[in-house]
Structures are given as C-alpha cells and as structure tokens.
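Read the single chain below, which is given as structure tokens and is the form predicted alone.
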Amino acid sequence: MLPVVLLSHRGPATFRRTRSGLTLKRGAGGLVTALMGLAEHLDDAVWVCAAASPADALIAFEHEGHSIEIGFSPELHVVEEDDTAVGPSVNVRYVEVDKHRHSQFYTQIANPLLWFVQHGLYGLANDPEFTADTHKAYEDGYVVVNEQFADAVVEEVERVGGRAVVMLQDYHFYLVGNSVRARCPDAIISHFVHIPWPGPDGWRVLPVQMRDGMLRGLLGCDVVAFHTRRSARNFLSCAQEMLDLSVDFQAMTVTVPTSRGGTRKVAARWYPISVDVESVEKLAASEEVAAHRQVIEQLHLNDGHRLIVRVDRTDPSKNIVRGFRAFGLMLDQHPDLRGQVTFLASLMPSRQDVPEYADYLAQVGAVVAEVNARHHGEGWQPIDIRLQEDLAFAVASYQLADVLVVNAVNDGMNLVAKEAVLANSRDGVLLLSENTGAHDELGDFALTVHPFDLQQQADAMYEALTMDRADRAKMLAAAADRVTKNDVGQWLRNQLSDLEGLID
C-alpha cells in the first residue's frame, strides 16, 4: 500500500494550554471517531487538519509545517522524535487558518449553507438569500482555505515522492481534489462525503459558480464516496445534468475530460461507515459508565418505569423538536403512560456561533418546557434534558433504553444508532428515520419513523413501549450482529481495496 495522506477539518486531538503545560484532548464527533479507527489501521499515514485552538496553532508554528506523531495509548501523548510509539499512533499536521477567513469558510459557507443544502433544511420561501457578502465569503473564505489545505496535502504527497493515496473527507474541502490532481498527477485521490448528497434540484439552491466549482473539484478525484447508494447516484445525476458529462449508472462512473484532450473515469462508490465495536464494548464495561447507569436507574427506572432515550447534537437536521412533540402527543393519547415513562435526552450544544443553530437550541428548550408543563406529575417530569458532551453518560443511556429515538430529517449515516444497539442491555427498540444512512443496514431490525409525521412517530413510540419482549430481543440481537460484522475496520478495508485496484 502506498503512503496515505488524510485530510479532515477536525483532527484526532486538540492541544490545550494549562498551568502544567500543553495537554491533549481527543477530537469530538462521529467522523473523528471513525477516522481514528482508520488511522490506527495504517502504518504510514499523515493526518492533515485545521488548528482548532491557539495551542494547535502554536504547535503548527513550532513545527514549521511538519507533522508531529501522536500516540493513542495508554492515553493521548506526543511521541518524541527519538522515541517509538507503543501501540497505535498517527502523524498529525496542523494547519493554521486566518481567523477571519476561517469564519467565512466555516460559519458562512460550510455551516450552515452547505450543511443546510445537503440535509434539505431550507424552506426556500425565505431562505437562503445570496448577497455580495455570501459571494465574498465563498471566494475569500471557502476557496482560499481549500487552496491552503490543498497546499498542505501536496507538500505531504511530494514529501513521499509524489505517489500516495490521498483520502479527503467531507463537505469542507470540495475544491481540494482537483487542485491536488493538477499538481500531483500520480496520486490516487478519494473524497468521502459524510453527509447526504441531494439530487440536482437540491443543488440548484446554490449559485452556479459555487455548485459547478464544487462538482468540478470533486471530479478531480478518482473515487467520490458516500454512505449510501442513493447519494452516489445523486452525485452522478448532478454531474450529468449540471455539467453535461457522460454518466454510466450501471458502472457508477462519470467520464471527465482532461486538459490534454483525453478523458478519465471517476467512480462513485458507497461504503457505509460504522463504529469501532471493541471501543464501544470496552467503554460500556467501564466503571464510569456503571456509575452513570446506577444514577439513571435510581432516577428513572424504579417500579417498572420505562425509558426513552436520545443522544444527539443540537443540530436542526437531528429533528429533536419534532421528536419531543411526538412524545407529548403520545402522552396526550395514552394518559396511562404519564408517570410511567421518561424521555431522557443527552444533547450536545452544537455550532452555537452559527445563528441557525443557536435559534434551534432555543426551540428545543421551548418545546421541552411546554411538554413538561403540560404533562408533569408529582415526582415525575416527562422529559429529562441534559445539555452536555459526555460519552460515558451516553453509553449508560444506551444500555438502559427501552426505546432509542433516531428521527433525523436527514443523516449521512448516524452512528448513534449503531453504538446503541451494541450497548443496549434491556432489549431496547430502535426507532430509526427512513432518511438516515443507517436505515439501509438496520431498517429491518428497527421501527421505521417518518421524520415529518408526528402522529406516526407517536404511534411508533407507543408500539415500541408495548411490544412483546421476545420480539424486542430478536430485533436487537439482529441489529447488533449486523453492526459487529460491518465495523469500522470493514469500512476501511473496502475503501483501501478499491483504491489499491487503481494503483498501477
């Protein structure tokens, strides 16, 4: 296998300055978790990422654009140049981005614009609106930052002689592939898009120069990959309808003209991402999780009470507000459940520097207050909401859930669903939105919910709570077996196998 250069916006670890010096904190989010698993399987890899803190920027400056080695065990640590890592490690290159440009790139274009377009969150009657400021943010922010990261990737490829596998990640870097292709023609380039890819009509929300530029940027790659076949087909449809390129839907390829008058094939592929099964099981067995589990049991599971759980970021795509409204509707229609079931929600505030996300968090708080005011009883509150980022608490919640709610408007995959079925110990029922990538794998072992249908979601919650225990156990066991067999290692192996087939 050739050396690998990996690019993502978030990195595997962030430095923090403390009184005792610099400390390392593991990067957050499902993407980072998955890529950590990927990096642990690669012996010769460099992970390029944005400096997320002043301490990261200091590390980038001190190392003059070179990577540093970070070991993963027994805990995160910097591996000194004359030392050898014990256990998995990865070389990380931090790229410092001008604060104003990063704001344009991230808080104006990547989030919310691309996120909202790709998740179908715009109502279109009033939003979005493109002004001179939007175009400036794209040209001076998104384009320039993509070029800066392309420069870093090119340097890493050239450092290993110009032959490397380049694995680009997600919607932040749609322009990087074409730039790397122009300067490193011998590189094998893939771009994995971790969020949904809508059809041409969804992309027509964007100005032509933006959407065409992003499509052409991706078409600089050899493989453009997604979580689902539907997203891969949508990508090909965009290339066909928007750029008038020749597409083969059977082979799942698009023919792209080259600067020398020839053509090259770009493949659209899908690889459903998963979780590190061993890591989830190890955490589930930890003392920290056991302590959280004991507290949750004491609060919510006495006298045969039952527990509905959700674990999410407070992102509009997660459909949290409708989920709580559906729960309130179920209590309206089944008053015998009042005082007998609690909805425990562990929610991580997300992207609060973006107005749309801050507004959504306020909506979440409002609907919780409304449902609790309407249905509370002596010693019982219908919704127990925790605004926190606590993985151990989340896993304890998974273990004790009678019902796990994943009702997303749209999700590239949704790893919560996969973590939960591995950890659950109460024959819990998964309520899974048909618009999640995970539904392709787990839909047969879950109750499908339709994200905009409150009545159907309320009915599904009631069905899950009243389902025969043997049926619940059978569904959970089948879901866990599917996740165990298709773990993050399999996700990696499938990609590397296809990329190796492109190496001459």
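From a predicted model like this one, the values you see are computed outputs, not experimental measurements. Numbers for residues come from their place in the sequence shown, where the first is 1.
Not pictured, yet referred to below: the form predicted together with another copy of the chain.
Another copy of the chain contact in the predicted complex: residue 466, any heavy atom under 4.5 Å:
Outside the cut-off, so no.
Spell out, yes or no, whether the shortest heavy atom distance between residue 106 and another copy of the chain in the predicted complex is within 4.5 Å.
Contact with another copy of the chain, no.
Please check if residue 233 has a heavy atom lying within 4.5 Å of any heavy atom of another copy of the chain in the predicted complex.
It does: once another copy of the chain is placed as it appears in the predicted complex, residue 233 has a heavy atom within 4.5 Å of it.
Going by a heavy atom distance of 4.5 Å, is residue 450 a contact of another copy of the chain in the predicted complex?
Yes - in the predicted complex, heavy atoms of residue 450 and another copy of the chain come within 4.5 Å of each other.
Since the chain is shown here on its own, which stretch among 355-363, 141-149, 373-381, 265-273 would lie within 4.5 Å of another copy of the chain in the predicted complex, judged by heavy atoms?
Looking at the partner contacts, the answer comes out as 355-363.
Among 194, 279 and 491, does every residue place a heavy atom within 4.5 Å of another copy of the chain in the predicted complex?
No, because 194, 279 and 491 lack any heavy atom that approaches another copy of the chain to within 4.5 Å in the predicted complex.
Which residue, 160, 299, 121, 387, has a heavy atom that falls within 4.5 Å of another copy of the chain in the predicted complex?
If I apply the 4.5 Å criterion carefully, the residue I get is 121.
Let me know the one among 325, 216, 338, 426 whose heavy atoms come within 4.5 Å of another copy of the chain in the predicted complex, would you?
The residue in contact is 325.
For the stretch 117-152, I need every residue with any heavy atom inside 4.5 Å of another copy of the chain in the predicted complex, listed N to C.
Residues within 4.5 Å: 120, 121, 122, 123, 124, 125, 126, 127, 128, 129, 130, 131, 132, 135.
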